[in-house]
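Before any questions on how it binds or moves, here is one chain, the form predicted on its own, in structure tokens.
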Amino acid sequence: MNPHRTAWLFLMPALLVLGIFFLLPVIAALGLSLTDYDLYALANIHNLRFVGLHNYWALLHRPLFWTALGNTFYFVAVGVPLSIGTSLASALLLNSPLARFKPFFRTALFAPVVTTVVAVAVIWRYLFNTKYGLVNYGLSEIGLDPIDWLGNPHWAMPTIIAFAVWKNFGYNMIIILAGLQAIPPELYEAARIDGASAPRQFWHITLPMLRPTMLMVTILTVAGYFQLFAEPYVMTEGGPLQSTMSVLYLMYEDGFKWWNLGVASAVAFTLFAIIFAVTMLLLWFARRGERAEGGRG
């Protein structure tokens, strides 16, 4: 039998599953975004009308969308560097020869990733409660006034960012730790013989060797953080004063609260376009950096 035909036969079940449960729903959602599909069309399909790009045009003139987009970019711009920085620091500590009980700490730091986000978010709501939360109790013990963490528009998003960083940094930590362990130890030995200090080894060996890993981690983290939903849904419901309203939360409200499924689909594909554009920009910067390094070399 032809090996190419054999390969396609083995791939066919997976391709069928992807086509039925992923590709077809995506195409259907794209078509839905070009209609005014709402509660009335849900009751009677004859009420459905084709509106073209009207949903996208209306979305760009909707103040709430720009508020949600600004909140999402704020979450990404602050949360992604904090998450990756925490992951890198944790991976470096776990990879250090001085670190003891590595399996225990590796499991403990990764544990938040596998916990249910809704359950943990509820716990964080109690921790940051204004009246009886443990965080404000600690502040009162050192003479500081309590803070309305989730009820103040200035503090709500930083609190959600702190939660998201704590919840997700362990996933990237494992990936970065694998990248660190793949660096040949001979490079560090040669650097120590040449008298290079630990900061110089980190800057000239660790970071360059981790560049492909860090690029992948950055792209995955950016794509994940743009899809902010569960944290504001459980902790703040998009408030206070829409300060934690994200694009994905806006899509949820349009689609499942107001049943404007055409508009919700337009929000989803707009978010996809933004994530795709940011990913391409990150790849462009990465290739530009590689060319610059090659030119200096």
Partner chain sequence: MNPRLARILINGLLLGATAVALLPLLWMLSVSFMSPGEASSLPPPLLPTHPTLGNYRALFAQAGMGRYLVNSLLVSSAITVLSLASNLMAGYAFAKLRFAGRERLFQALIGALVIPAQVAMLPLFLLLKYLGLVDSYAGVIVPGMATIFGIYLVRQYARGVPDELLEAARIDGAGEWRIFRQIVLPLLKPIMVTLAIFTFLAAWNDFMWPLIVLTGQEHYTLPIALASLAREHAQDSELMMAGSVITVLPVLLLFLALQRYYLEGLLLGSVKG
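Positions refer to the first chain, counted from 1. Bear in mind that the values here come from a model prediction, so they are computed numbers and not experimental data. Heads up, when I say rigid core I mean the largest set of C-alphas that superpose within 1.5 Å between the two forms.
Below: the form predicted in complex with its partner chain, not depicted.
The candidate spot formed by V76, P184 and L281 is out of contact with its partner chain in the model of the complex: none of the three has a heavy atom within 4.5 Å.
In the model of the complex, its partner chain sits within 4.5 Å of a heavy atom of I174. Contact check for A7: a non-hydrogen atom falls within 4.5 Å of its partner chain in the model of the complex. Not displayed here, its partner chain is kept clear of Y56 by more than 4.5 Å at the level of heavy atoms in the model of the complex. For the chain shown alone, F285 is not a contact residue for its partner chain in the model of the complex, no non-hydrogen atom being within 4.5 angstroms. Here the chain stands by itself, but in the model of the complex one stretch of 77-85, 202-210, 128-136, 184-192, 128-136, has heavy atoms within 4.5 Å of its partner chain. Interface residue among L109, A196, I147, M214 relative to its partner chain in the model of the complex, by the heavy atom within 4.5 Å criterion: L109. Along 104-122, these residues reach a heavy atom to within 4.5 Å of its partner chain in the model of the complex: F104, F105, R106, T107, A108, L109, F110, A111, P112, V114, T115, T116, V118, A119, V120, V122. Taking the rigid core as fixed, one finds a CA shift for L281 smaller than 2 Å between this form and the one not shown.
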